[in-house]
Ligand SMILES: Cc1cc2nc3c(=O)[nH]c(=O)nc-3n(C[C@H](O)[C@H](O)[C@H](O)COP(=O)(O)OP(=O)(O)OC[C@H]3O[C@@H](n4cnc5c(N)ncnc54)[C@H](O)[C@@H]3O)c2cc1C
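Okay, so here's just one chain, in structure tokens, the form predicted alone.
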């Protein structure tokens, strides 16, 4: 048995763990000695960072047992709750993650909040290595007057609402205004604008939630402005997302030619992705559209545009003092050039009339537990190549390791790097495998004593099947269940 914060953790067969291959009595002593050398590793978070970390560990250590903990009943993190509903191809990585979860050396335990249901120090007592991969569950705030008025939302909450994140199911955004302002010029900002302006026939074929689809169907929005503090050479979105916006049926782009004049020459020597992106903006703003495109733009009933060198100063209240009616912006000038250019207020201001304001200025990680060193300024766990500073056996990967940047491939490479650090520490003996660890058998008793019933991957597959069946009835890939309790009732919890 193993000790955990004064609690005795008996080792017994758990119905929650995937059964291991059976062995005869002759092989018992061999298996027993091997088990002592099998690293028990847990990963906290079941998004891309968590699954890619687990995948690399399982592939490169043939004895490792990896347990994945997730606070929600359902896995896959931002692949399920962050990727836009009209980007199903990005969600194909779920197939790879499912393969990992089906390994007989991997187990998934949802409905477990680390830091509350089980502490990090308790996980460290139960496992040889603990990898924190819980992502960025918060958003950066604007820090301006009026930010809390009705009609002002974080893009993170808005994305969670239309993607079925249980905590955002009751958001009820006000879509009665004709104009929306999105603060930020990254891919999330474009996702939000595209979902708001997309034809309903396009959205109905996606896994957007039933409630958000109904709300967007009744929307009065005709125009979305995407506002950035800096200029066209500093936008953070990528060419794929920009092209989707330019080609979005029923809409036309509003790009001020003055913002793009002369940029074609400036970008000749910049890296190719930035050059191609800028050239597409320049072409859309300055060149005469083709016949088909001109006809589409002429018949468009909705529009979107980019506003540069504007920094939010204040959300303006309506007469009732409760709702937003607009936003006041500082007009900025740029100091320096390229990626390092800084936006500096000029003293001039401008006001936009709008009833919906979405802040898309970045996600932010939270500390998970007071025992884990956290850099609150950078919003990450203090680490070196994924090794948490001053905490042997504790690691981190993904956004909580490096900050909320990059795409899924970036997270994959980052997670492989952290997993490699774990493997190196196992190889060097820094992680002592002669110190027997009970893994989930220990954690199970802790969770039981606290009234927590974990959700297994086979439980998730029941939820998955129910969502797919509901979606089939209405011609969608799935109809997401957005109520936490309904998920648990479905699997008999």
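Positions refer to the first chain, counted from 1. All values reported here derive from a predicted model rather than from experimental measurement.
Keep in mind that the form predicted together with the ligand is missing from the display, and what follows is about it.
Heavy atoms within 4.5 Å of the ligand in the predicted bound form are found in exactly one of 417-425, 362-370, 300-308, 245-253, that being 362-370. None of 146, 135, 326, 151 but one reaches within 4.5 angstroms of the ligand in the predicted bound form through a heavy atom, and that residue is 135. Of the listed positions (203, 408, 267, 216), a single one reaches within 4.5 angstroms of the ligand by any non-hydrogen atom in the predicted bound form, namely 408. Annotated contacts: 78, 87 and 399 all touch the ligand in the predicted bound form [non-hydrogen atom within 4.5 angstroms]. Contact annotation: residue 355 falls outside 4.5 Å of the ligand in the predicted bound form, judged by heavy atom distances. Contact check for residue 47: a heavy atom falls within 4.5 Å of the ligand in the predicted bound form.
Contact annotation: residue 67 falls outside 4.5 Å of the ligand in the predicted bound form, judged by heavy atom distances. Put simply, residue 103 is far from the ligand in the predicted bound form: not one heavy atom of it is within 4.5 Å. For the partner-free chain shown, nothing in 201-218 comes within 4.5 angstroms of the ligand in the predicted bound form, judged by any non-hydrogen atom.
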